[in-house]
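Coming up is one lone chain in structure tokens, specifically the form predicted on its own.
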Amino acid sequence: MHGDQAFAVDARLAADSCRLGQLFGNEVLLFNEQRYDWLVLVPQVVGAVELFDLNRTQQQQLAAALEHVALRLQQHGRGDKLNIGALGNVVRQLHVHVLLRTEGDPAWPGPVWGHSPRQALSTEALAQAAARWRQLLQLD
């Protein structure tokens, strides 16, 4: 279907995030947004746009990674309500957002997507957050 293309995270996702590592065949990214603890999973499948573009094994790997990430967000993140979404309207590459929300946060109760411009962390704060999440997710 996609020949010998190598997998790569979409350039827009890469620009807005920090790579944490790999988990069950998925890239794990920390979205660079200071208001939320926000992780993104990207299945390492060339050309995947929709969930059904993954074979059964890849779907199971994504589900396992999603559970791993979501549980650690709930245990160690700031907030009390998980939001999980795979929209793909701007970046078509299949990716799943997993973020923790707090009642009264800037976008509450609506979705964070498209609510307001991203508020990036400083370079130092992003590096510290990435190191923390790598350790919590056991990606070291």
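Not measured: the values here are computed from a predicted model. The numbering used is simple: start at 1 and walk along the sequence shown.
The following text describes the form predicted in complex with a further copy of the same chain, which does not appear among the structures shown.
- Heavy atoms of Leu73 never reach within 4.5 Å of a further copy of the same chain in the predicted bound form, leaving it off the interface.
- For Asn89, a non-hydrogen atom is located within 4.5 Å of a further copy of the same chain in the predicted bound form, even though that partner is not displayed.
- Using a 4.5 angstroms threshold between heavy atoms, Val46 stays clear of a further copy of the same chain in the predicted bound form.
- For Gly85, a non-hydrogen atom is located within 4.5 Å of a further copy of the same chain in the predicted bound form, even though that partner is not displayed.
- Taken together, the three residues Asp16, Pro117 and Ala131 all stay farther than 4.5 Å from a further copy of the same chain in the predicted bound form, as judged by their closest heavy atom.
- Shown here without a further copy of the same chain, the chain has Val49, Glu50, Leu51, Phe52, Arg56 in 23-56 lying with a heavy atom within 4.5 Å of that partner in the predicted bound form.
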